[in-house]
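One chain comes next, on its own, written as structure tokens: the form predicted on its own.
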């Protein structure tokens, strides 16, 4: 490919993807509202830009083959704070992609689109949305936005419902929900290289023995995760207090996002050896 655009390049997951994406195209154009935490790569151009501003985002898509859209506020905040980057920003990405003839968008969706479902049965990708927060609602909006642009404009998209993407699982919930950085890169790479994806939704999760989702929807891109959170189970349980089955944060897919008040960040309650999405 000639050009890939990466939004959210300064975030933890963006940093994990930059090197791989730079190796897949002549040019990687990386963007974020924050400065990069490391030097730009040899074939990487960095542009500091605000997703909520169409006049800043639209020019970045010129000549692009694909967009990897990982830019957003990655936490729960009041709706007014989420509206620009997480709602309007997604519209700006897809509309700019349409105007410049971009073929496909790879999107960092989230399990929080279904955060209020109980974990007792594995959930498929085609269940009705049931968000746990404004953050989850923004992911629902963008999945529906991607479907509409596929149906109406023919822009393909892959929506990766990321659970907990960290260096290693940091709590008992993550023994089911963990996505390793290696598996994240594989997911994004195969979402780009698969010849036809149409509108696709799949779970961003590793090959965990305790996985609480049905990820058969990822088979068509050839995703074969190589990491398993069970390798860390003994260490996690040695440091984990007994679970409370009456606690919605233990029972729901959204974890503490399912029980926190709307607009309030739950991140301070979470053990995160990296960053959750």
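Keep in mind the model is a prediction, meaning the values are calculated, not measured. Numbering follows the first chain given and starts at 1.
Omitted from view is the form predicted together with a small molecule, to which the following refers.
Q: Only one of 188, 205, 97, 108 has a non-hydrogen atom within 4.5 angstroms of the small molecule in the predicted bound form; which is it?
A: Answer to the contact question: 108.
Q: Go through 176, 170, 131, 85 and name the one with a heavy atom inside 4.5 Å of the small molecule in the predicted bound form.
A: The residue from 176, 170, 131, 85 that makes the contact is 85.
Q: I'd like to know if residue 235 sits close to the small molecule in the predicted bound form, meaning any non-hydrogen atom pair within 4.5 angstroms.
A: Flag for residue 235 set to no.
Q: Contact between residue 62 and the small molecule in the predicted bound form at 4.5 Å, heavy atoms?
A: Output for residue 62 is no: heavy atoms all beyond 4.5 Å of the small molecule.
Q: Counting only non-hydrogen atoms and a 4.5 angstroms cut-off, does residue 50 reach the small molecule in the predicted bound form?
A: Looking in the predicted bound form, residue contacts with the small molecule include residue 50, since a heavy atom lies within 4.5 Å.
Q: Can any non-hydrogen atom of residue 14 be found within 4.5 angstroms of the small molecule in the predicted bound form?
A: Heavy-atom contact with the small molecule at 4.5 Å: present for residue 14.
Q: Should the three residues 10, 34 and 72 be counted as contacting the small molecule in the predicted bound form, with contact defined as a heavy atom within 4.5 Å for each?
A: Yes, because 10, 34 and 72 each have a heavy atom that approaches the small molecule to within 4.5 Å in the predicted bound form.
Q: Go through 224 to 232, 209 to 217, 244 to 252, 25 to 33 and give me the stretch that gets within 4.5 Å of the small molecule in the predicted bound form, heavy atoms only.
A: Only one stretch passes the 4.5 Å heavy-atom test: 25 to 33.
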